[in-house]
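The data below hold one chain only, encoded as structure tokens and taken in the form predicted alone.
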Amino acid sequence: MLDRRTGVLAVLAAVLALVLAACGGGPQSAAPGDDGSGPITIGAWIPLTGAQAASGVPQMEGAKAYFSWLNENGGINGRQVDWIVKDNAYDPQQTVQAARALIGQDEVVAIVNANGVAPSEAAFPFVLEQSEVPIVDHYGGIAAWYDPPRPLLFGTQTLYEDQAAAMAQWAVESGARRLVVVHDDPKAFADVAAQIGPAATRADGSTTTTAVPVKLGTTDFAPAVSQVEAAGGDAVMLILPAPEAAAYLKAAQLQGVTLPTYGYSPTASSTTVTLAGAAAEGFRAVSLVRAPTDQSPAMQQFREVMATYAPSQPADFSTLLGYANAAVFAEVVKTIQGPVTAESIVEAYRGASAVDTGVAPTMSFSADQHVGTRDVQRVTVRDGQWNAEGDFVSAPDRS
């Protein structure tokens, strides 16, 4: 009788294991296996359709170009990288489905270079907690993701809140004392915009800040420009997507408002210059990577890689962001001695310091610090192109 019950329990356990495997659930600490010889399989969800595809497609193409170049030049310690990308259309539900497919079917050891703050948050419980698969080098992110640090989440891009503080510091250093902040009205934008006033005051106690909120998706910025003029500011700070920033710049030019204007990293884009045209001249922004026109050897290699592996894509900020995240992953994983697993990737990131790709700020991580940098590159539009203003600078302390 005991043998029969034991046999039934064994069968039930086997069935349960198969069900969990089919659902993609369960920790990945023991699987997939890694014998140190096959490709390193990683994945990402990126918006390749819908409104956010304008940033997702070039991000993907930049990263694909890097991994193609890497694989043709020995891969990571002799191993090829298989980067599998699923379209999440910037939708939380599709992101969860993509995560289940990548982990349950493709058996990725890490999510690398994923895109979409709100969609990714929907997938965090399944990926980080249930499956115990790390998410590294996410495209964008917010302070709440990393304070306190989550064990399996590592970022490579200066947080939006720090970018806003860096904008304020730049404006005050340039002599501005009355800042007018034009921002979209959703909370995510308002929270970032709210960092500008305190940062400006810390830089100079006499600085004042006036907020001009606008509706997300606004195309007519004439009323906002009138409010800016009425506020009597001496610099304008834009917390807007690139198309809206371009619309603001054109409206300001039409109304003769010529105040120095600053933007955060989403506005450091070829889209801003293309849409705003001559109105973009003199526009300043903080970037997460070097200016595409930078003449350093690493940036020259970036342009050559893009021309070889993604010739239909421009070598601009959007492709460079995907390229840079892929390069950081390769540099960190090169330090792993032995199997490349979810656990070894996490340990490699926790111990990674002075990670230098040449195209982004130097990154350092630790057990307590899961964002690799707080640096930005100041860039200005001159003669229709983005140009660097010096080297990377650190965002001021926000505490």
Partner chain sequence: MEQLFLVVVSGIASGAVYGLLGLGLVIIYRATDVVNFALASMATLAVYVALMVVDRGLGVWAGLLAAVLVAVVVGLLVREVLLRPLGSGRLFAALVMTMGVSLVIEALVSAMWGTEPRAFPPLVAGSVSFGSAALATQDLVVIGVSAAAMLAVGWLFTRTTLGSAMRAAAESATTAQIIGVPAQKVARIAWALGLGLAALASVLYAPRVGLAPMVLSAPLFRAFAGIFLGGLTSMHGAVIGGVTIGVLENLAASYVSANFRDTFVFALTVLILLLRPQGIFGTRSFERV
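Residue numbers count along the first chain shown, from 1. Not measured: the values here are computed from a predicted model.
Omitted from view is the form predicted in complex with its partner chain, to which the following refers.
- For its partner chain in the model of the complex, the listed stretch (217-225, 126-134, 325-333, 91-99) containing residues with heavy atoms inside 4.5 Å is 217-225.
- Of the residues Thr293, Gln80, Thr308, Thr274, just one reaches its partner chain in the model of the complex with a heavy atom at 4.5 Å or closer; this is Thr274.
- Taking Glu173, Glu229, Asp234, Asp147 one by one, only a single residue has any non-hydrogen atom within 4.5 Å of its partner chain in the model of the complex, and it is Glu229.
- For the three residues Glu61, Asn113 and Leu240, a heavy atom within 4.5 Å of its partner chain turns up in the model of the complex in no case.
- Within 4.5 Å of some heavy atom of its partner chain in the model of the complex lies at least one heavy atom of Ser318.
- Within 4.5 Å of any heavy atom of its partner chain in the model of the complex lies no heavy atom of Gly104.
- Although the partner is absent from this view, Ser270 contacts its partner chain in the model of the complex, with a non-hydrogen atom inside 4.5 angstroms.
- Its partner chain in the model of the complex comes within 4.5 Å of no heavy atom belonging to Gly197.
- In the model of the complex, its partner chain lies within 4.5 angstroms of a heavy atom of only one residue of 171-204, namely Asp185.
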